[in-house]
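This document opens with one chain alone, in structure tokens, the form predicted on its own.
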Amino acid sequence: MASRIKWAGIAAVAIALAFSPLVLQQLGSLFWINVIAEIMIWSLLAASVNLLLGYVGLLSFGQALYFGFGMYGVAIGVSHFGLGLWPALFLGVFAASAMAAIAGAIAVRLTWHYFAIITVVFSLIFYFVAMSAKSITGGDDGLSFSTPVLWEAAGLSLTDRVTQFYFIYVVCFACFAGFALLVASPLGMRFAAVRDNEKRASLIGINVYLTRWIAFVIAGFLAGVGGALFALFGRYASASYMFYHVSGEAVVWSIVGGAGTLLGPFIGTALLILFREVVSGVWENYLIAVGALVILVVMFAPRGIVGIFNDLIERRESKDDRAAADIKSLAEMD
């Protein structure tokens, strides 16, 4: 029952997103099409944090590094090598995943605050490398490029706002569907075992180091896809997106939405970005309000917004089970 309710909620969110551009076009609110597209992109970075924090128990403040590699992979592929959209996209994702494989080989040997610190260190190193390699990355100015054609024969281009939205939607949907399959697979169970008790996981034959490394690479892949999409969305790449404060925002989005849940990263990202867009229009110091909202959620909903709904569903299911058990015992007494 609980599982069916959760999947119904996920399907409702997916359907609402699919129809949102059509509705917003009718309402003349074209600005919000781009905002929702941006939310979907950033939710991939939050999902990257969520995989490590919620499913493996590793707090990373360096996922923006792989987001930045995804961005620069696309920007360098298009502007320096003249690649089309798909080769540039794959180059960005490959670069992010390869960087995660290298950094993860060192980082996952550590845990707790040591792991968080080493991820920040990697992020800072490559931030300064990107800033200094001006001939390749554009340095302070960043790297801009023209939009590649999505599908020339069909006349599809990312310059069209709705086409761009559905391109981002399909890629993000595929990533979240893959994420759902992953956490339900035997590998996902190994992630949970390592998160809950690494010593016991090791005793039953799980290679803790390899399991963490695999999770780290997959998290880098998710962040890289987000970065590649964001580069295509803005036609621009900048080292500022590699900085650790971007990773910090993703950690907040993941915790507010609900770490360890499938939809948590998306809900947290959507809530805080929409809140920022609305409040920033009426109050210059809107970040104070954003901070207050985050504090309230952390204080009164430590498992995040999705965690509240999960608790309610499980409580209702437990109540129904107890009622069924009482009826059964009364029937047996008669």
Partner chain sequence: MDLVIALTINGLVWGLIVALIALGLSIIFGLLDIINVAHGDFFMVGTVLALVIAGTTGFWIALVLVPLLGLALGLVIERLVIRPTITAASLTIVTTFGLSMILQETVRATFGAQAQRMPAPIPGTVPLFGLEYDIYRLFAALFAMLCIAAFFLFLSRTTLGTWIRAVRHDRETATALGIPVARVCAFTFGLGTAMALLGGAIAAPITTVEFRTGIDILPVSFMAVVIGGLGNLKGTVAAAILLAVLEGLVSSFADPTLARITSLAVMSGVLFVKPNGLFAGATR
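What you are looking at is a predicted structure, and each value in this text was computed from that prediction instead of being measured. Numbering follows the first chain given and starts at 1.
This protein has a second form, the form predicted together with its partner chain, left out of what is shown; the following refers to that one.
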Since exactly one of Ile204, Ile117, Ala174, Leu181 fits, which has a heavy atom within 4.5 Å of its partner chain in the predicted bound form?
Ile117
Report the residue, out of His80, Lys134, Arg200, His113, that has at least one non-hydrogen atom within 4.5 angstroms of its partner chain in the predicted bound form.
His113
Partner proximity in the predicted bound form: Leu271 to its partner chain, non-hydrogen atom cutoff 4.5 Å:
no
Against its partner chain in the predicted bound form, would Ile33 count as a contact residue? Criterion: heavy atoms within 4.5 Å.
no
Answer with yes or no whether Ile106 is in contact with its partner chain in the predicted bound form, where contact means some heavy atom within 4.5 Å.
yes
Given that the partner is absent here, does Ile255 sit within 4.5 Å of its partner chain in the predicted bound form, heavy atoms only?
yes
Candidate site Ala14, Ala18 and Val282: all three near its partner chain in the predicted bound form by heavy atom within 4.5 Å
no
At 4.5 Å between heavy atoms, only one of the stretches 262-270, 293-301, 62-70, 24-32 reaches its partner chain in the predicted bound form; which one is it?
293-301
Would you give me the residues of 123-141 that have any heavy atom within 4.5 Å of its partner chain in the predicted bound form, in order from first to last?
Leu124, Ile125, Phe128, Val129, Ser132
